[in-house]
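Encoded as structure tokens, the following chain is the form predicted on its own, with no partner shown.
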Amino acid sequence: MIMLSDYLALIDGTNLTPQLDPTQIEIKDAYVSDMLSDVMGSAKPGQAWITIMKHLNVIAVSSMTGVEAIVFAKGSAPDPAVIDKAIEEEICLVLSPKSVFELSGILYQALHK
């Protein structure tokens, strides 16, 4: 397990929801998918969701699955309405310039060292 704040430092991440404290969010695993139905059926609390999808539905799916952090790959930032809804639902949004592959590998290494 690592804290989301530690992962942010490893991925050149930016917290898009500064009202939420990434030092309080534990990451035990990740789920990587860009298909909402797949995430709904398989993601679990304690995972960070790594994706390139950035529309409002990601917040609903994250809330349903108990995922507390969404990491947007490739510097693809969501609209302000998505960020506002994430704050309301207490879901931390992270933006990174790295690819999905890089983000997954970095988290895997951090969790297994």
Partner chain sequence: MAEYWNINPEHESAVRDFFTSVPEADVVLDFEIGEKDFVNSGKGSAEVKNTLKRLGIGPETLRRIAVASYEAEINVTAHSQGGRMDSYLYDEFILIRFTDKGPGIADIEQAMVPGFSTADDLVREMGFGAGLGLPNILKNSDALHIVSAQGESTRVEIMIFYGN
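Positions refer to the first chain, counted from 1. Everything quoted here is computed from the prediction, not taken from an experiment.
If you look for the form predicted in complex with the partner chain, you will not find it shown, but the lines that follow are about it.
> Pick from D29, D84, E26, D38: which has a non-hydrogen atom within 4.5 Å of the partner chain in the predicted bound form?
Replying inline: Filtering the options by heavy-atom distance leaves D38.
> in the predicted bound form, do I2, L4 and D21 all reach within 4.5 Å of the partner chain through at least one heavy atom apiece?
Replying inline: The answer is no: none of the three residues contacts the partner (heavy atom, 4.5 Å cut-off).
> Any chance D79 has a heavy atom within 4.5 Å of the partner chain in the predicted bound form?
Replying inline: Outside the cut-off, so no.
> Counting only non-hydrogen atoms and a 4.5 angstroms cut-off, does H55 reach the partner chain in the predicted bound form?
Replying inline: Yes, contact at 4.5 Å.
> So which bits of 4-23 sit within 4.5 Å of the partner chain in the predicted bound form, heavy atoms only?
Replying inline: Stretch hits: zero.
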